[in-house]
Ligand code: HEC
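Below you will find one chain, with nothing else, as structure tokens; this is the form predicted on its own, and questions on how it binds or moves follow later.
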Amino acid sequence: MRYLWSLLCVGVLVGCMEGSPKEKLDGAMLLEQKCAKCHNLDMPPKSYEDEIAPSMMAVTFHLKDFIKSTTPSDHESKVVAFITDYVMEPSREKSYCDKASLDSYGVMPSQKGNVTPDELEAIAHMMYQTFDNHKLLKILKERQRLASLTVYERVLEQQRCENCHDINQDKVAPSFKMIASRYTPQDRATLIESIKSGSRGKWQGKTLPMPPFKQLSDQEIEGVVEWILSLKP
């Protein structure tokens, strides 16, 4: 009786495991972990002289162009199916790459043992959804808009300086006009250093420290300082 009860418990456990939903994998994280060593994941991609594989955007766009589907809703599944098969069993005959690219990069090595089928499926879906023409156009338009701004406008927007500073009104940090009133063009170096390295305790009643903005270039910091000083009455 005890033996039969044990078998029943095991049967119920296995049945629950088989019926449980598949764990959803993080395709973006897997794309970075499994693919970034060889493929550039930027969109649009940067160009490198020593790249060992085409950019992931180029790969995805190429597959989307060459793999056809009678119904648009099936296109993603066809591209995903090709990727999951090719990555495990790559060959020159299967490849959609042009001959020159194959001669330049060679056929990719099989990734058996480096990625599981479930991980590969998640990666393929992420490739299809991420590297998209509409998303690329949106990125390019945003870059064009930012490039049309002056240096200080771009920095203030991207660094969200308005969270602490206003041009006219006092906030958690002094207004830009207050800063302009205190400092002179001879104090440029002081202002540059405050932005680059951060500052604290320079304004009465302001306890929130200004964080360092080391990621900004000298040209960007100087552009902001020149604009602040131009606000002097």
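For clarity, every value in this text was computed on a predicted model and none was experimentally measured. In this text, rigid core is short for the largest set of C-alphas that superpose within 1.5 Å between two forms. For every residue, the number given is its place in the sequence shown, counted from 1.
The same protein has a further form, the form predicted together with heme C, not shown here; the description that follows concerns it.
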Exercise. Name the residue from 43, 38, 167, 29 that puts a heavy atom within 4.5 Å of heme C in the predicted complex.
Key: 38
Exercise. With heme C left out of view, choose which of 99, 160, 143, 134 has a non-hydrogen atom within 4.5 angstroms of it in the predicted complex.
Key: 160
Quiz item: Could you tell me if residue 107 has a non-hydrogen atom within 4.5 Å of heme C in the predicted complex?
Solution: yes
Quiz item: Looking at the partner-bound form in the predicted complex, is residue 185 within 4.5 Å of heme C by any heavy atom?
Solution: no
Quiz item: Can you check whether residue 86 is within 4.5 Å of heme C in the predicted complex, heavy atom basis?
Solution: yes
Quiz prompt | residue 95, heavy atom within 4.5 angstroms of heme C in the predicted complex | solution = yes
Self-check item: Residues in 116 to 152 with any heavy atom within 4.5 Å of heme C in the predicted complex
Solution: 120, 123, 127
Self-check item: Shift of residue 197 between the shown form and the other one at or above 2 Å (CA, core fit)
Solution: yes
Quiz prompt | Rigid core superposed: residue 74 CA moves 2 Å or more between the shown form and the other one | solution = no
